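Here's a solo chain for you in structure tokens, the form predicted alone.
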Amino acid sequence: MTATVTTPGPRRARFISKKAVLPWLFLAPGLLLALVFKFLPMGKGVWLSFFEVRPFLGDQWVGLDNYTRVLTDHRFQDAIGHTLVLGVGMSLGGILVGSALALLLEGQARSLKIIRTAVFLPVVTATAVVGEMWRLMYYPTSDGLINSGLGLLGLGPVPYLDNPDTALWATMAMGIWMLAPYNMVIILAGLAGVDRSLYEAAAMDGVSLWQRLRHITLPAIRPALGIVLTLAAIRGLRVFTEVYVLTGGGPAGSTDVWMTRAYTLGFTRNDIGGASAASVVLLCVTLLLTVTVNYLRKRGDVR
């Protein structure tokens, strides 16, 4: 009498294959949209950066001439400086203000949850709306909100957005106001993982507040700060809407950043090849900065 042994191998293999394919079926619509509306246009932009784009006449191959022209243009060189100043200022200011807000609003009280929700509103508000609101606040006469407050102190109205010496800093202030609540949420998530017994032990030992922040809080939220720093660096280089809504790059180009110069080149002067080259340069710099920040963050975590 012989016994028949069944081998469930093929059925199990089919089950595993279906289980492996199912997540990709859910991801397929999003991946398709990203391919059509992001990655294909990105590849097309890289391709056009090597051409002089001439609608209805045929594109002409120019090689690296567009890159040379962009990198040697003094207006783009000035825009690099403005981008770095604005990006560094917004990033550092957003991290410092966000960290302060996170430390102040940490807790489980219901009132704190309401305040955190109110503080987070600038993040979910459209940047164009926020920019228009700040433009009205910066109104250069005594009727403006900020200038009316200065009038109570006996100070004259300040043309924040019309003065080349103050326009960039005024734009930076709005950027910090928008970025700080987003950073606050990430840092709050890091603070949630701090062991409270460490604070109690430090308080019993008479440790000062600064020493608690330095030796307990900062090491615990270092991963969260690394994420915030990476995102802030990327946002700082790609700043556009804040500048475009507030000043449009003016006055006299004092707030022109890399993105506004590329926009002007492509949509005002109709130089699609040059604008594509400027965008590709920005993409490469952003990728390099992201990789560098992540490398330094992981190296710090290992130490």
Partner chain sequence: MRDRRRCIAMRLRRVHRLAATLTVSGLLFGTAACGSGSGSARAGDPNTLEVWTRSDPESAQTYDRVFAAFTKKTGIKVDHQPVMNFDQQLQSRASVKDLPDVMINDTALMGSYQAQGLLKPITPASISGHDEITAKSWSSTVGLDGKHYGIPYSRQAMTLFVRKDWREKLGLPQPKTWQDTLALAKAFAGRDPDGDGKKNTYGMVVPGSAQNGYVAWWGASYLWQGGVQILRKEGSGYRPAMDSAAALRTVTWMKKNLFCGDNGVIQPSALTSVTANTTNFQDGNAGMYLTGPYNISTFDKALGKDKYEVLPAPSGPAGNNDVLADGENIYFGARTGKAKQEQTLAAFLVSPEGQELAMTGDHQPVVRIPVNSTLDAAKVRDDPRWSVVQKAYETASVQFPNAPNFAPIKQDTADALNAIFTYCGSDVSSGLKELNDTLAGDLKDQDLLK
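Values in this document were obtained by computation on a predicted structure and should not be read as measured data. Between two forms, the rigid core is defined as the largest C-alpha subset superposing within 1.5 Å. Numbering follows the first chain given and starts at 1.
Note that the form predicted in complex with the partner chain isn't included here; everything after this is about it.
- Although the partner is absent here, residue 238 lies well away from the partner chain in the predicted complex, with no heavy atom inside 4.5 Å.
- For residue 25, a non-hydrogen atom is located within 4.5 Å of the partner chain in the predicted complex, even though that partner is not displayed.
- Among residues of the shown chain, residue 111 is not one whose heavy atoms approach the partner chain to within 4.5 Å in the predicted complex.
- Under a 4.5 angstroms non-hydrogen atom cutoff, the partner chain in the predicted complex has residue 272 among its neighbouring residues.
- Within 4.5 angstroms of the partner chain in the predicted complex, the stretch 137 to 156 places a non-hydrogen atom from each of 139, 140, 141, taken in sequence order.
- When the rigid core is held fixed, the Cα atom of residue 252 travels less than 2 angstroms between this form and the one not shown.
- Comparing the forms between this form and the one not shown on their rigid core, the Cα displacement of residue 61 stays under 2 Å.
- With the core superposed, residue 25 shows a C-alpha displacement of at least 2 Å between this form and the one not shown.
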